[in-house]
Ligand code: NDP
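Shown below, as C-alpha cells, is a lone chain in the form predicted on its own; questions about how it binds or moves come after it.
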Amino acid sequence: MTYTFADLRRWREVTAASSPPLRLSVFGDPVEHSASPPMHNAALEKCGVDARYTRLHIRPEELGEALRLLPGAGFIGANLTIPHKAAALPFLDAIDEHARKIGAVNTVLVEGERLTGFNTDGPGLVRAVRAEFGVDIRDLRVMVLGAGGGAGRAISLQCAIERCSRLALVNRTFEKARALAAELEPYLKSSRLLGPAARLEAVPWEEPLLKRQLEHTDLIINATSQGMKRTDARLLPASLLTPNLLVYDTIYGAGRTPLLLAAEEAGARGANGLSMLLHQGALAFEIWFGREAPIEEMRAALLKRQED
C-alpha cells in the first residue's frame, strides 16, 4: 500500500488499525515501484521489532513539512529516493559527514524531534561489488557512467574514498564530470607509477573515447536511469565490451537491462542493482536500530518480490 502526504498529516488516525504500527517509510515521487518495504519488513519481523515499513508518495513541495511531521507521527526513520535525496538537506537538523560530502541523503534517523541524514548508497555499492564479484573496489580500475550527479556522484565519491586503482568519470554533460573530477582529485593523488592512463579522468560520452578508456577499465558501473525501460537504447554496444570486464548496473528489475544484455553477449560478468539495494538497506537498518541487519532474510524477500 502507498500512503500520501495527506495521510501523513493524520498518521495516527489513518494507520490506527495497523499492527505492528507503521513507523518506517520510503519517501518518493513516484514511489509505488519501491522494493524497500518487503525487504525491510522481512528484517523487522526476523528481529522481532514492533514496527513495519511502508511507502509514502511525497511531492517535492511537500517534502519539508513531511519530514518535520515524522517525530510527531512516531517514526523511527525514513528512506529517501528520487527526487528527494538532495532536496532534503535544508530540512534536517544534522547531516552525517559522508552525506554532506555527497550532497545527498537517502536515510533519515528520528531521535526525539531531531532528524539526522545519512547516505548509504556508496557503502552499499562497495558491499554489493564484493558480494557479486568477490573483489574490492579499491583493487579495481572503475568507470562510472552518469557521474554528473545523484547516484553517480555518491558512487564516484565512494570509489575515490576507497582509493580505487583508477577512476574514469563519464557524463553526457562533460562539464559536470570535469567538476567532479576536480573535487575528487585529493583522494586519488599518488606518487606511484600508474601506467599509461591517468588515475583520475573526466571523459566525454563519445564512443571512440570510451573505447580507449575501456582498455584501462576493470569495472563499469551504470549510475544513469537508462535501462529502466525495456525500450531504452544500450548505453554501450557489446562491441566495446570484452570478457575480462565486470559490469554493474545499479538498475534492478525482473529482466536484464540493455547494458547487462550487452555484457552477456560480450562474455563479461554482470550484475544488477538488487544487491546494492540490499546492502544500502542493510546499512540503513543498522543506523536505525544499532544492530546488524539480517541480510539473508532481506535478500530472500527481494528475490521473492522479483519472482512475483
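None of these values were measured; they are calculated from a predicted model. A residue's number is simply how far along the shown sequence it sits, counting from 1.
Beyond what is shown, the protein has a form predicted together with the ligand; the following relates to that form.
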| property | result |
| --- | --- |
| Which of 97-105, 149-157, 68-76, 209-217 sits within 4.5 Å of the ligand in the predicted bound form, heavy atom basis | 149-157 |
| The single option of L115, L200, A223, V129 touching the ligand in the predicted bound form, heavy atom within 4.5 Å | A223 |
| Among the candidates G28, P258, G273, G270, the residue which, in the predicted bound form, approaches the ligand to within 4.5 Å (heavy atoms) | G273 |
| Heavy atom of each of K176, M228 and Y252 within 4.5 Å of the ligand in the predicted bound form | yes |
| Proximity of I82 to the ligand in the predicted bound form, heavy atoms at 4.5 Å | yes |
| Residue contact check: L235 to the ligand in the predicted bound form, 4.5 Å heavy atom | yes |
| Contact flag, Y187 vs the ligand in the predicted bound form, heavy atom cut 4.5 Å | no |
| Contact label in the predicted bound form: A263 to the ligand, heavy atom within 4.5 Å | no |
| The ligand in the predicted bound form - contacting residues of 115-141, heavy atom within 4.5 Å | D121 |
